[in-house]
Every structure is written in C-alpha cells, then in structure tokens.
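Next up is one chain by itself, shown in structure tokens, the form predicted on its own.
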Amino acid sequence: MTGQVRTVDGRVAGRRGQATRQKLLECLSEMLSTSPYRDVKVIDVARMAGTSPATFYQYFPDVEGAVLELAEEMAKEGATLTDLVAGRTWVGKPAWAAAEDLVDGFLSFWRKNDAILRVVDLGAAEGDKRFYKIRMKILNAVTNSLTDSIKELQDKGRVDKSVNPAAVAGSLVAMLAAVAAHQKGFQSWGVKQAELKPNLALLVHLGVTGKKPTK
C-alpha cells in the first residue's frame, strides 16, 4: 500500500493498522467470491480476519464502503487495459493478433475480478453513481483507445466515413463486458472457452476493420 492510510475519524494508520485494514479487504474479497454481496456482514468479515467488528469500523463505515475500496483498486488495475489496444496495428495479420489479444486480456481481467465486478455491475444497475463511475472508468480504458484506432483507420480511408468510431468502439466494449460476465453461461450452450475466444475475436476484428481477418 502506498501513501497515507487514514481511519474513518481521520487519524493516520500505523504499519500494524495498515496491515489490519488490508487483511480486512482481503477477507472481504474472499467472501464476495463465495457469498452473495447482500449476505456479507461486518461481523463475518471481522471474524475471518481474526479481529472485531469495532476494528472494522475504524477503517470502513460499512461493508459497502469497504467494497468501494476494493472496486477503486480494481479500477486502477483496469486502467492498464488500454495497453491491449494502444499502439496496435489493425491492418493485415497484425489486426487479427490485436483482436485476439484484446479478447484474451479482457476476459482474463474479468475472470480475475469476477466477484467485485459483479458487485460493481449490481450497484451501477441500481443507479449508484459511485459504482457507475468505477464501471465506466474500466470500460473507458478500452473504449477510448479503440475509438482512436478506428478513427486512424478512417483517416487512412480503410474504414467508411459513415462509421461513428465512438459508437462502434462503445458497442464492441459493451459486448465484451457482457460476454465476459457470462463466460460460465456459454458452457450451457455447448460453447467451450477455447471456442469462445476466436469467435469473439472475429466479431471484434469485423467491428474495427469491417473486414474478415487475415490469419
């Protein structure tokens, strides 16, 4: 952890306090991966961390406040998703590699953070602006870079001028997010993970370039 960590009442937490706070967050994260968000209670998180509810409330106002801390940390990591698109070539064979890498990186990020992303999606769907902003921060990391890539193709005459780059990029990223959140569900349709990725990459490639991939 970097920078000063403060308690709810504004005091600067010492090294032991920071370790306790981090332990509470780790236990909360673990509980979210096995229990519905609404079922997670402060007393259960504190018990798992080997401390008391009173200690939990020194660092977080409630479970939701701690979840937001986890979500903010995840959003910072999500900012690196832009690297999946920025500087990539979307012409010829490199375009297919770019589409594959984007799909693989996006799905991997979602799997790694599945528990907290489910809570973020729930909060955003219920109109909580704090969760909505976090969700958009993650999606914008890809959408903005993808928009720039499509604009570049458009400027070079490789994509029709009638195409709205932001609309296409936003649609593709929304599709990726929906698919990423539904990865386990594809199995019920008889679709294996190894089959999902190349077909999703095909849709991304078609969406960005308007052409079939050159493999």
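The numbering used is simple: start at 1 and walk along the sequence shown. Quantities reported herein were computed from a predicted structural model and do not represent experimental measurements.
One more form of this protein exists, namely the form predicted in complex with a further copy of the same chain; it is left out here, but the text below deals with it.
Peer 1: Can you work out whether residue 18 and a further copy of the same chain are in contact in the predicted bound form, taking contact to mean some heavy atom pair no more than 4.5 Å apart?
Peer 2: Residue 18: no contact with a further copy of the same chain in the predicted bound form.
Peer 1: Can you check whether residue 50 is within 4.5 Å of a further copy of the same chain in the predicted bound form, heavy atom basis?
Peer 2: Taking the distances in the predicted bound form, the answer for residue 50 is no, it never comes within 4.5 Å of a further copy of the same chain.
Peer 1: Answer yes if any heavy atom of residue 144 is within 4.5 Å of a heavy atom of a further copy of the same chain in the predicted bound form; otherwise answer no.
Peer 2: Within the cut-off, so yes.
Peer 1: Taking a further copy of the same chain as it sits in the predicted bound form, is residue 140 in contact with it (heavy atom to heavy atom, 4.5 Å or less)?
Peer 2: Close contact exists here: in the predicted bound form, residue 140 approaches a further copy of the same chain to within 4.5 Å, heavy atoms only.
Peer 1: Given a 4.5 Å cut-off on heavy atoms, tell me which of 68-76, 125-133, 81-89, 101-109 is the interface stretch with a further copy of the same chain in the predicted bound form.
Peer 2: That would be 125-133.
Peer 1: Across 167-193, which residues bring a heavy atom to within 4.5 Å of a further copy of the same chain in the predicted bound form?
Peer 2: Heavy-atom contacts within 4.5 Å come from 167, 168, 170, 171, 172, 174, 175, 178, 179, 181, 182, 184, 185, 186, 188, 189, 191.
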